[in-house]
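Next up: a single chain in structure tokens, the form predicted alone.
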Amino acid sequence: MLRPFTLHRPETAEEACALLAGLGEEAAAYAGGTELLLMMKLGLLRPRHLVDVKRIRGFGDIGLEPLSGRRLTIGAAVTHRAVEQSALVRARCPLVSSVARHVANVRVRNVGTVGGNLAFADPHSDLATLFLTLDASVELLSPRGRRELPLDDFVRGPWETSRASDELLGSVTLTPWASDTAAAYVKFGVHERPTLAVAAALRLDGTTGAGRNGRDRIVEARVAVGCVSLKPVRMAAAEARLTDLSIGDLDDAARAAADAAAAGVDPADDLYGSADYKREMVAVFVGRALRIAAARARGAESAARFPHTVVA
């Protein structure tokens, strides 16, 4: 049962930040509320004031960054369903749209927001894992002004971020991959939230096609693993094992990269499994994600399904 609280509905970011600054620890920012209200019902959080940010101008928008005209900006109050259905997201970051379609269920997607998901820093977040491979940065607003942080610096650990108590997360900005990039996102779970998630992207030096015999060189690789360690992480050692290889020679390198990723995570024993189990699963699913991305680079069908596995 929810304890009584006062709901504030500011019209501007400045007004919302002033409320958060003035009310201090008794206030919490509120958007979709899918995580916040659940914690309040369980008695784990007891704010006396909620500051609703959904009406703030720009917080519900999806657009291109004005300066570059290339980076994609998603407002904090944009819902997962809006990301899933956005033509602009599908055009610039199609895998983001596909992954959004597999977040929870449609009722949650209609309410839950991108900003709330990132600000809550749930270690089992789909979007945070994928966003790491898109050089994501978050915009933070406060009475002191605006600052921008890489997502990796913003998320400190489980349910912990770099956001100050008087700051609002205004938006997240993504850098779309080059057109010669093949990517995949896979996740596995038997509970409501995924046990692990892997995002993999391979950028080639040309377009693989018939007659090329898969000779395209991988000039950049990105691998991120989430839901296993305290926060989602890029796997630099795994990425290094893939760079400058032919896409046709990926199989052996994928095994080495998968082993490097498994060695690079820091899992803990919990209801999702033991630490050793999670490391084994990371090796399996990093390899699987890389093989799917490679198949897509070759133009082959790569939508194989496995029990409890989501492929995007």
Partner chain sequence: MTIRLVVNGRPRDLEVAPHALLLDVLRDTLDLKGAKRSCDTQVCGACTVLVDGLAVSACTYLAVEADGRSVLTVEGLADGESLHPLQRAFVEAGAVQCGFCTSGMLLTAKAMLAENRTPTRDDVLHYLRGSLCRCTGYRKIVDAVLAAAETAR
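Positions refer to the first chain, counted from 1. Just so we're clear, the structure is a prediction, and the values are computed from it rather than from any experiment.
The same protein has a further form, the form predicted together with its partner chain, not shown here; the description that follows concerns it.
- Among residues of the shown chain, V111 is one whose heavy atoms approach its partner chain to within 4.5 Å in the predicted bound form.
- Within this chain, H49 is remote from the site of its partner chain in the predicted bound form, having no heavy atom within 4.5 Å.
- Under a 4.5 angstroms non-hydrogen atom cutoff, its partner chain in the predicted bound form has R9 among its neighbouring residues.
- Proximity of R101 to its partner chain in the predicted bound form: non-hydrogen atoms within 4.5 Å are present.
- Only one listed stretch (220-228, 237-245, 165-173, 186-194) carries heavy atoms within 4.5 Å of its partner chain in the predicted bound form, and that stretch is 186-194.
- Judged against its partner chain in the predicted bound form with a 4.5 angstroms heavy atom cut-off, the residues G60, R90 and W177 are out of contact without exception.
- Residue in contact with its partner chain in the predicted bound form (any heavy atom within 4.5 Å), chosen from R156, R107, R144, R147: R107.
- Here is the short version: of A253, L37, L64, A260, the single residue with a heavy atom within 4.5 Å of its partner chain in the predicted bound form is L37.
- Although its partner chain is not shown here, in the predicted bound form the stretch 2-41 places heavy atoms of L2, R3, P4, F5, L7, R9, Y30, A31, G33, T34, L37, L38, K41 within 4.5 Å of it, in sequence order.
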